[in-house]
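This text opens with one protein chain seen in two forms, each one given by itself as structure tokens under the names structure 1 and structure 2.
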Structure 1
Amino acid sequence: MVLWWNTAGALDRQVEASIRADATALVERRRAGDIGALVSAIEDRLALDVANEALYLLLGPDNRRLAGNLSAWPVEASGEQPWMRIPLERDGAMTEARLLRVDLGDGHRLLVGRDVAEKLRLRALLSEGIAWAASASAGLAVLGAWLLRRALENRLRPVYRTAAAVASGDLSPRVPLTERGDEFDKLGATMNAMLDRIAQLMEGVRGVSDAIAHDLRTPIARARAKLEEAQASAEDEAALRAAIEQGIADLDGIARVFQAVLRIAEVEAGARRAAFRPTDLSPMLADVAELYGASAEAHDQHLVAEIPERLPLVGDRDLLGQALVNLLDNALKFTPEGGTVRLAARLGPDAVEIAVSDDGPGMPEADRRRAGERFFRADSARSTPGSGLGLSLVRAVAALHAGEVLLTDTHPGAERPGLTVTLRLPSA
């Protein structure tokens, strides 16, 4: 459409410019001489008009035709507008003329124009060409859109099927990937990673539910049995009171398990990130080492602390303290009498490392990969008290601080390799 308007407008402007220039030249000729000179100029122009497009009509004061190839003064030329477009019969055929009226004064009037039949035929040809081109373009656009839609449907059909299967409750399907590596493959890979993560979380939820049911069933059953036994066979008030106190202790243990699960969930949700502050961990490590040093001596164990003067970082001091307490609790729990627990901290160029080492039985490589799962306990820890939530909280705190937890042997190759848990956190 823009091409048509620009081309048609150019043709009209070309015709009008030619008429205006011709009329200006004739007016100048009239001013330079008498009316006869103007008549001669018009006749000369008609003689030189090979294309037979020029139109002229010169009338005198008495409306007598003096020169030109128009037979009569058209009615449209008597209006107020100097420009006009009128139908015209020439050589037995109808055509169209573009005319300009010029008043020469002293009663003489002049019409200068052009036969625009050829221009109209050119415009019609251009319009037809544009119409065909537009139709072809529209057809190609429709065909291209249809092909593109088919291609998109073919590439997205596996995604639809996978999403439908997941919506129906089946988390096993995955989006098949091609070797193209295009945006659809990236979308499929992202969906597969998301589904893997969802499946992992669902499995974790099921595992946590099973573990809670399993780990809490024993203390609840034990507390109930002791209370029922005391109710049925308590000999005196002291025995009944002891049974009640034991039941309360078992219930407190159950409450601690729930409290630990809730705290891990809170940490994993990032709710504690608002408590992040610049802090120095050295004083906190020293206080914990002093507290647990006394506990170690009471069990004929040794606690060695190597703490630098400063350990600056940005984080939640309380959560980090709880994580360290969990690590020391585990280390003292698995270290035999006469053994050594080591607390070592180091400030690196970009990280703070806190390592807790023990002389216990250690942990097999297969168990290390699962360490940190809620309620997971290695075979070597089955006989010791605990709920399997300590390392879960440590890993959650490390993840909240954009850190990591590493498990290695304290004495590689030894009969009792021990375990070293390193908490690595970004430094301030």
Structure 2
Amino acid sequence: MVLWWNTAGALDRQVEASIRADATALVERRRAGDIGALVSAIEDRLALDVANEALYLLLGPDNRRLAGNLSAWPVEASGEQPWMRIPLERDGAMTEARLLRVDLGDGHRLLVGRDVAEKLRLRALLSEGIAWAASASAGLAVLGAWLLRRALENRLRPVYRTAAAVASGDLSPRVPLTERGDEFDKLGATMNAMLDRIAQLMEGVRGVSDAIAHDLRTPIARARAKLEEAQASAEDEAALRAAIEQGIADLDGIARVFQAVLRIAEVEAGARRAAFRPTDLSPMLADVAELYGASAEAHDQHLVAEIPERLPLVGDRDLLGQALVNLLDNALKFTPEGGTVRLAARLGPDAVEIAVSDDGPGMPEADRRRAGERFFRADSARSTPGSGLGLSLVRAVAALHAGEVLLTDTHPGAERPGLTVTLRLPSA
């Protein structure tokens, strides 16, 4: 349209400007003299019109033709619009004229115009050129779009196939990557990472389901067996009551395990993030250390606490307290009589570190990688009571606070290396 406006459209504007200027000059001539001067001016213009394009018609009040080269007043000139296009006969051939009607005010009427046959031919040529150019552009655009679409389809086909295979239930396929490292490779790599994560989560869910089924079946079966035995062989009411109390205690233990699993799920889902507040961990650590210090003394163990004055961070104080309790529970559980458990906190430049060290048997490297999985218990811990959920909660709490859990030897190289669990959290 812009091209049309600047070429063919310009021809029309040029004709209109010429007619308007001619008409204005003739009106001025009429104002300056009598009607005879206007007639003379029109005849002079026609006599000098070498291009043979000028068209005039001057009618008197009685519709008598006074000057001009049009045979009659055209029907179109009697309408309301001053500008018009009319068909024009010239040497027996039909052409077109552009006319402007001017009412001179005293009953005289004037038509000024131009034969636009040449302009029409030129316009047709320009139109054809524009049409061919537009057609060629459209063709190139369609071809380009088709090529682009085909290239996109080729690059995305492996992604479609992988997604289709995953949708059909097979999680093992991955998007093949090229060496180009372009956006499609980034998409494929992201999708592969997503599938890896989904597979890992599915494996985790499956593992948890298996673990729940396995680890809870034993205590439930044990409680049932005890109750059955009491029902069959209890000699008096006191024995029966004792058996029922034992059964209730066993069921309470099972309920606690369920509660722990639910809490870990809640923490991992991030539902507790709304409870984050700026807090100082020092008082809480001191309280817990005091409480567990008494418990340690009762078992002939020592709890040494090194807590700085301030440990500012943003987080959930209750969850962090629960995580610390789990760590101290574990440490005291695996520390022999006379051993020492150390609770050391430190405020680094960008993190708060809370380390709980024990003198226990330690944990092999292979087990450390799995420590934190729900219900996982190292072989060396089979003989001690526990559900295998304590460190899972600690890891979930650390992840919720954008922190990490590190497992190291307390006494590297020693026969009983012990275990140091360090909770590293971003400081406020």
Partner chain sequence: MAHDAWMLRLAPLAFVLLATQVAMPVAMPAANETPVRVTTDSGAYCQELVVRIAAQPNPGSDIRLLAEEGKRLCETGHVRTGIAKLRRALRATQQGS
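Residue indices: 1-based, along structure 1. Keep in mind the model is a prediction, meaning the values are calculated, not measured. Heads up, when I say rigid core I mean the largest set of C-alphas that superpose within 1.5 Å between the two forms.
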property	result
Which of the two shown structures is the form predicted in complex with its partner chain	2
Rigid hinge motion between structures 1 and 2 - rotation in whole degrees	19
Cα displacement of residue 131 between structures 1 and 2, once the rigid core is superposed (Å)	3.4
Cα displacement of residue 15 between structures 1 and 2, core-superposed (Å)	6.9
